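A single chain, nothing else alongside it, follows as structure tokens in the form predicted alone.
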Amino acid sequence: MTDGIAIDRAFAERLFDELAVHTTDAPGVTRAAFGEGEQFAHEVMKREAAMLGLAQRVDPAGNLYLTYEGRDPALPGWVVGSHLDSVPHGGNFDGAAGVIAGLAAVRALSEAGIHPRRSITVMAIRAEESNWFPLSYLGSRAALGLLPQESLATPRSDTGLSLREHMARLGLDPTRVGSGQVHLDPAGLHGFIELHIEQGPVLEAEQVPIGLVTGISGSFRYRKARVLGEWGHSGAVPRAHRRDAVFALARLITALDACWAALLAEGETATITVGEIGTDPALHGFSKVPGEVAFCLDVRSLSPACLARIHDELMRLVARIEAETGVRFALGERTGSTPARLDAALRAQLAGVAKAREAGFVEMASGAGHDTAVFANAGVRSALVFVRNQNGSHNPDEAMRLEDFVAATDVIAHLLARDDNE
């Protein structure tokens, strides 16, 4: 049944190169959510799907569905895909590899004359990167009818225009998105598979090309937090009279690091990141006690209980530092996502195919978020396949060996070709 399946490396390389050339924003690439770069990538996928004879559909949020109809289209079908947006000045493979893998797998099946029982839909998901809109998994949540109506008022980080305005500019239908309509019914899905570059160093360190993901971390985030103290003269205000916002934040960061170390010692898994810190350049100065500092906080874990524990500790530390220093913490809006455990049976199927294809793999968790989490938490059996990456992610030097990509895509294609995947 699966004889003759061959992933065309040149096909994938051509598409990666085209995306890189047309969305380069030195250093790296930029494909802003609901922007020119992301839209260009969607048009490329539509063009390639037309050449393959795939049925095309775009939902009101702009998610793209490219379907290779199965012999029994009434059966729940597969969805294979990922996102096409990037972070600013990011890498070319993050997200796009999953969509190109879906097309490459379908192309290989078609060229081998294999027509599986179940339909296979390649999905290009909108707006996964939450730095554009501070909303986790925007596109996939919209597809499943899970995006709250108030999300449409969220401004994009670079333009200040709302999500509603950006959708409307592309001829999409934000009103239907906000109504909670389901545009991809979980009951009609046999499974969801996402290929993605690994965003950390594990596979490269292990010298293994493929990772089969066991679970995806959830998070809580404070994107626009501030410490409010009191501006003063650096030489004239004694320590006892200071309300130093930077020193107060330093206390919090040091205490959170100690909390993190203690959790790891107990066997918990978590990450705690303060990714942005800044005083106001219009007010700060070499000889000033800083009266205000802005920061963000990103906490992730596979365990909801661990996330709750860290948040409780954060609140305790904030209250203690306020009492000790006289500053005030204004954390702002809390956002986040729910951890997801991925389907063990589907992962075992992929592992069986990988062994048969002599493709090296390890099982591992994902500390980064992926659209797969939304499908898994909606009750869809879901799998996430990592491809080895030499230089990390969310940076211009992001890497991926095409032979690793081909090996991972080959495993997915052989799974999709099977008629016994009940």
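Bear in mind the structure is a predicted one, so any value in this text is a computation, not a measurement. For every residue, the number given is its place in the sequence shown, counted from 1.
Not pictured, yet referred to below: the form predicted together with a further copy of the same chain.
- When you look in the model of the complex, the only residue of Asp257, Glu333, Asp158, Asp185 with a non-hydrogen atom within 4.5 Å of a further copy of the same chain is Asp257.
- This chain is displayed alone, yet in the model of the complex one of Val318, Leu146, Ile253, Leu170 has a heavy atom within 4.5 Å of a further copy of the same chain; that residue is Ile253.
- Although the partner is absent here, Gly326 is not a contact residue: none of its heavy atoms lies within 4.5 angstroms of a further copy of the same chain in the model of the complex.
- With a 4.5 Å cutoff on heavy atoms, Glu150 does not count as touching a further copy of the same chain in the model of the complex; it lies far away.
- Though the partner is left out of this view, Thr271 does reach within 4.5 Å of a further copy of the same chain in the model of the complex, counting heavy atoms only.
- Under a 4.5 angstroms non-hydrogen atom cutoff, a further copy of the same chain in the model of the complex lacks Leu75 among its neighbouring residues.
- Using a 4.5 Å cut-off to a further copy of the same chain in the model of the complex, not one of Ala10, Phe16 and Arg47 places a heavy atom inside that distance.
- In summary, the region of this chain contacting a further copy of the same chain in the model of the complex, judged by heavy atoms within 4.5 Å and restricted to 100-108, 235-243, 175-183, 309-317, corresponds to 235-243.
- Residue Arg300 is the only one in 299-330 with at least one heavy atom within 4.5 Å of a further copy of the same chain in the model of the complex.
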